[in-house]
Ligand code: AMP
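First, one chain by itself in structure tokens, the form predicted alone.
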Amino acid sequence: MLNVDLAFQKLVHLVRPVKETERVSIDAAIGRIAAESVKAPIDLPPFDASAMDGYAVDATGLAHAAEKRFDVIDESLAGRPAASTVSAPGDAVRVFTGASMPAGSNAVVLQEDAVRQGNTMLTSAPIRCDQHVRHRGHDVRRGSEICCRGTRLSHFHLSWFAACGIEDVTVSRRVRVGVFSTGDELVERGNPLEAGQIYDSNRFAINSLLREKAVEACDLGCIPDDPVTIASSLEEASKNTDLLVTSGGVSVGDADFVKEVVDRIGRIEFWKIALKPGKPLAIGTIGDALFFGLPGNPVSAIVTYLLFVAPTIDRLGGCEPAPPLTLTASVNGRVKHSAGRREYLRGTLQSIDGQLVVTPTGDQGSNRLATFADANCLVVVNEDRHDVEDGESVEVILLPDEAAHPMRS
């Protein structure tokens, strides 16, 4: 069996990023991969601005003065700059947060440090140049790179683009992904179950997870356990996809035809990973399309998608995914584990009295989707470990929904 890390390395060499690009509005760019660097078209902020409500003054020579008296000559509001200039040491302009600093001013006296008497403002607070001033270009200078090629665009990137007045961005085209399930026992939801049948959940799970990616997903339905049908279906689908994902039919049973068929119409690059769950994972190519044969057990299909398929989609789109962020936590309860395969258990991570504690979600059978129902992480037990005792440290990887926001207790 292939070590998990070696499998990752071999997989990287198989990926050929898509070359086509398109220009899209930033409203439609969430999750897309930038195909070229983005530079700021303006300074941000585009003018010296007040960081607080108060009074804009010339602070030159006032750092050590006692009580200071100013004549309030104008006001500057957000979007309505003052017309007057602070031209004398005793001039002040009433200014509000985000408003333009009037010409001649270089500091803001906080509203709470000032006493207003008609058109006179008094303060005994120290005043230093640049206090409470956001200088032009403080966030970014015009022409500076604000996003490099290959970046997966987040809400925060796009908010920055909007602040710079950017309307659209060049991105890689969506990766075309075809999803099959295989098995005579599978039935579509809404139909009655006959003896020995189960509802098809793997295809639903993979298609649901794909919604988080910059893909054009095609649900290609369920293929029966028939080598001829499997071959014709996969060959036809490979002509219009960058990536084909199947579930089931890659183990060693008499009715497991998928791996055998792919090795005949394409090429299996590697099969069987020292991984639990997910050992029968098969990876290869059919024509120009990458192929992932995920195991048929529901948990195995989801785990192998998260570990192998998801980062491959990012790479196909031109993004080099960073290694997953791992946290260290104490395990709640004893975990049985036989050395030899790296195991990914489903768990619930909590902060208890300032310490991270993870609790596996019950029986970890690869058929039990229930183990994902309350899980927010994967618990990693490396291949060189034996049983993990209560209180020992383990690494955890947050699941996608949980990784998107600060961790909650």
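Position 1 is the first residue in the sequence shown; the rest follow in order. Because the structure is a prediction, the values reported are computed rather than measured.
There is also a form predicted together with the ligand; it is not shown, and the following applies to it.
Enquirer: Could you check which residue among G317, P298, G178, P102 gets a heavy atom within 4.5 Å of the ligand in the model of the complex?
Expert: Selected residue: P298.
Enquirer: Pick from D256, E269, D91, D113: which residue has any heavy atom within 4.5 angstroms of the ligand in the model of the complex?
Expert: In short, D256.
Enquirer: So in the model of the complex, is the ligand close enough to G249 to count as touching (4.5 Å, heavy atoms)?
Expert: Output for G249 is yes: heavy atoms within 4.5 Å of the ligand.
Enquirer: Is L210 part of the interface with the ligand in the model of the complex - any heavy atom within 4.5 Å?
Expert: L210: no contact with the ligand in the model of the complex.
Enquirer: Can you check whether I313 is within 4.5 Å of the ligand in the model of the complex, heavy atom basis?
Expert: Close contact is absent here: in the model of the complex, I313 is far from the ligand, nothing within 4.5 Å, heavy atoms only.
Enquirer: Would you classify L186 as touching the ligand in the model of the complex, given a 4.5 Å non-hydrogen atom cut-off?
Expert: Heavy-atom contact with the ligand at 4.5 Å: present for L186.
Enquirer: Within 4.5 angstroms, counting heavy atoms, which one of the listed stretches 289 to 297, 129 to 137, 72 to 80, 231 to 239 is next to the ligand in the model of the complex?
Expert: Within 4.5 Å of the partner lies stretch 289 to 297.
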